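Only one chain is included here, represented as structure tokens and corresponding to the form predicted alone.
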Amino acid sequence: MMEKLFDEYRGLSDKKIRPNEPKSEQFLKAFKELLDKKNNWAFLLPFKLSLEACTHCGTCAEACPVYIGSGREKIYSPVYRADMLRRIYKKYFTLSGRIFGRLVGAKEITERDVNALAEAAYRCTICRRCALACPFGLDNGLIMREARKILAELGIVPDELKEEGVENQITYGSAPKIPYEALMNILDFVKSEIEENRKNVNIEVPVDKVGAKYLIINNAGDYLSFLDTIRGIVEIMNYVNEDWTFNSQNTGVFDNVNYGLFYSDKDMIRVIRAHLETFKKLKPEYVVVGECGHAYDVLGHLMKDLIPAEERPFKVIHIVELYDKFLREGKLKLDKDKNSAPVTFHDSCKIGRCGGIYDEPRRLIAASCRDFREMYPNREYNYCCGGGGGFALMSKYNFLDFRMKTYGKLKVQQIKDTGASTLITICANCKRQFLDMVSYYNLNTTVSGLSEIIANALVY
């Protein structure tokens, strides 16, 4: 049994945290580098403002899903977690902290602080709901992300994000290391299954086509765990008869994820560069991000701030935006009676709150489903499911219990309140979290992407 560092849960191993190894000096060095504009120009201003301007009013606590889901335990308040780093910042990087110390909330760093912060930083999914609620627009979630970046410089990163995520993706083309032959077999199976179900319909699944209008790049986990979503994409793109393609590791990275977003700008940019090399070979007009939230956040938004425009001569859209375009153009003929059971929809944080995509999925659901029931709250105020920030991948030790008994507990009640039998979401990490939730709480609920819902409603 590993020792308690922050709460009764553990998401990181002793091998990663090295609790008995002195790390505070290295921590302060990495923190100082993070406060240098040339090292952190993209995030430094909001980071420093959030460190310095918080009045501890507590408004963000009532916006935080883990705080609410935990039964309002103090340690899960956004301010409590952020203050673990904020107090160190004041002591070592502000004049008032160096002179007045604890009188202004400053605190000398200890090895215990570093160990506790390593776990605390992975209690926040960085869903940004706290920033929405803050009267000053401060972002305690960003503080936790920056803390993860400091910890990454100490080698403290979950295996699921670093070794099993970024490194696999860059080396093998996808985080789950799907071999080329296996990928082709999966797509052949999808093709044959659609043709069997849709008699007299010929299905094409283009792969690595150069110059296609739409390059659709998916979360590789969908090929293994959510094949219905891939099947839906293939059927819809054949139905509208557009110029499109998937890609494989033969052209580079075919996995749209970027787990560097969750812990390191350096690794995030490594993955962005790998994606750009892939897109350069395929020359699409549009890069279409499949049903993945954080991939859309990186490719659709952050990349614009980090990469010069001339290096990205393509447009980036989420696949739901593409479907909505087809719907508005009259290319999708849908019969909502084909999806007659009650459904509800979860707004994924990176697509909704961070990406502004709210109306598009609702138009598509309304056109595809007979009985759509909203969760409350929804849209920008929707609660994070607990799969963000890399959490959907983390189940070692007793971390699954943490995910289920805090975030999961809150979402389960939301689903039950709708009475829906199908939960639709457009993010692979959300789908994985919801599947774990269904199993953990023994819910009679089907978890679905939007692609398969639309495909099922198609009128031939």
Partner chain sequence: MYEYMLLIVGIILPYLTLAVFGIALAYNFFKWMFLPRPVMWAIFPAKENTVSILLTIAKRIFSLPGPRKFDKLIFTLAWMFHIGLIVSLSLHAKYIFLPHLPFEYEMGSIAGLFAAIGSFGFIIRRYYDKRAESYFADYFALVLLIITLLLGTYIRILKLVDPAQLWGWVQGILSLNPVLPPTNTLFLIHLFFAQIYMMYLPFKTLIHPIAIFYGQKVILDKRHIGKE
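Numbering follows the first chain given and starts at 1. For clarity, every value in this text was computed on a predicted model and none was experimentally measured.
Although it is not shown, the form predicted together with the partner chain is what the next lines describe.
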**Report entry** Answer option from R312, K91, R198, R362, heavy atom within 4.5 Å of the partner chain in the predicted bound form
**Finding:** R312
Query raised in the report: Of these, R129, R123, R148, R231, which has a heavy atom no more than 4.5 Å from the partner chain in the predicted bound form?
Result: R129
Query raised in the report: Within 4.5 Å of the partner chain in the predicted bound form: all of G58, C134 and L302, by heavy atom?
Result: yes
Query raised in the report: Wondering, does Y286 line up within 4.5 Å of the partner chain in the predicted bound form on heavy atoms?
Result: no
Report task. Spell out, yes or no, whether the shortest heavy atom distance between K409 and the partner chain in the predicted bound form is within 4.5 Å. Result -> no
Requested in this report: Using the partner position in the predicted bound form, report whether E62 sits within 4.5 Å of the partner chain, counting heavy atoms only.
Outcome: yes
Requested in this report: Find out whether any non-hydrogen atom of C354 is located within 4.5 angstroms of the partner chain in the predicted bound form, and reply yes or no.
Outcome: yes
Query - Interface stretch in the predicted bound form with the partner chain - options 114-122, 78-86, 330-338, 184-192, non-hydrogen atom within 4.5 Å - result: 78-86
**Report entry** Sequence-ordered residues of 182-214 touching the partner chain in the predicted bound form, heavy atom within 4.5 Å
**Finding:** none
